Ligand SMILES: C[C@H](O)[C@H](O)[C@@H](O)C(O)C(=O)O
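As a starting point, one isolated chain is supplied in structure tokens, in the form predicted on its own.
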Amino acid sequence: MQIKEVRAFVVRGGGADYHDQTEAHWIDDHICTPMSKYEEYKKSRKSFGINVLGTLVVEIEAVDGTVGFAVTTGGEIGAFIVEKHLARFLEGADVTDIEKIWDQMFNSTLYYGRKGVVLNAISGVDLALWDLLGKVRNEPVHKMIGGAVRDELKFYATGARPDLAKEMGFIGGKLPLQWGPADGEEGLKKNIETLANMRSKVGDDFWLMFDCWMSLDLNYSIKLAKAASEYGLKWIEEALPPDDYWGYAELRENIPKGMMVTTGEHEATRWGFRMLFDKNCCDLIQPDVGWCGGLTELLKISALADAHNKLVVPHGSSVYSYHFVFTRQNSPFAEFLMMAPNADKVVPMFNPLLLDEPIPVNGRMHISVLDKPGFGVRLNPACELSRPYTH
């Protein structure tokens, strides 16, 4: 069966661009960033433009009318790339030509792509292709990429309230770091006080992690890790800028024994992750399937990680990563982003954009909830989609 048409849409307010939230949401409240050294951009991530892109929706229609779709970030820029550049490699191709289409999309954009928004767009197309193929074959994605290796998936929660996450049944909680190098020793002390307070609330057996969102330098990262070891920090995540492979290697050599270094949320393609492995930068990688090159590329990244004895726990991307994690032995648990404004209840991660989006129950998910064709979700018709470009 052949592909008839490719369409790209933009939507605002939540969805795959989960930073595009209204006011008073924990995800935008005093979280340390690479821009925290500037006082005017310190309090809110939206103040420096973290939400400017919006969500990209890619639809791919087969000649029989079957439509596969996927969502990622990329907004209008991503829509332009899909409509004006990438669509030529899809329309008229067989729905099974996923590997060839990926190769053509990547190599044709090398001169202006390789990472960033271009890879977001490629990822969105790739995920939509897998959704379409699953619908054509009447199979869930997880069955097409090897089948489940476990019946139940365990989750940790990312959000401002790990203590509440424990009550909801999650196996751990990842805190956003609030103070960075620009805040000096006093800021470091506040970070440790936050960790100590949360440890007192959750007890010794609950995982606690710090998400540093690319905001630290090497010296600060080492000091933070050593100070946090007293409170059983499981890992320190994305402490340095993504391209500082040398810094990550040194950080991993100098953190307390038993603590993990994790990164990869903002890395892309097998070549980017190869650098992380070659320099032994981390213990666990966190590719986002909507940003790293899609499912086609994530499968290659995972195989590479397996050969280097590294764990793969994708950055929160809802059903697009759940199908993958269920099928990989080196992906023993998954991340869930607490998208309730106060991180006090479990709501769908890409709400309100997706219908039938599964969520963990008591921090767990059974494989049966994913047994629907493709990725098993639908676009919410109440969300206003715009198609800024056509071809």
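Start at 1 with the first residue shown and count on from there. In this text the structure is predicted, and so the values were computed from the model without any measurement.
We do not show the form predicted together with this ligand, though everything after this point is about it.
The candidate spot formed by Tyr18, Glu237 and Leu337 lies fully in contact with this ligand in the predicted bound form, as each residue has a heavy atom within 4.5 Å of it. Comment: 23-31 is the region of 66-74, 357-365, 23-31, 320-328 lying near this ligand in the predicted bound form, near meaning a non-hydrogen atom within 4.5 Å. Interface residue among Phe89, Trp213, Tyr220, Phe277, judged by heavy atoms within 4.5 Å of this ligand in the predicted bound form: Trp213. Taking Gly247, Pro176, Gly113, Pro181 one by one, only a single residue has any non-hydrogen atom within 4.5 Å of this ligand in the predicted bound form, and it is Pro176. By the criterion of a heavy atom within 4.5 Å, Glu265 is counted among the residues contacting this ligand in the predicted bound form. In the predicted bound form, this ligand stays beyond 4.5 Å of every heavy atom belonging to Lys42. This ligand is not drawn, but in the predicted bound form it has no heavy atom within 4.5 Å of Asn120. Contact check for Ser302: every heavy atom lies farther than 4.5 Å from this ligand in the predicted bound form.
Residues of 114-128 that come within 4.5 Å of this ligand in the predicted bound form, judged by any heavy atom, do not exist; none qualify.
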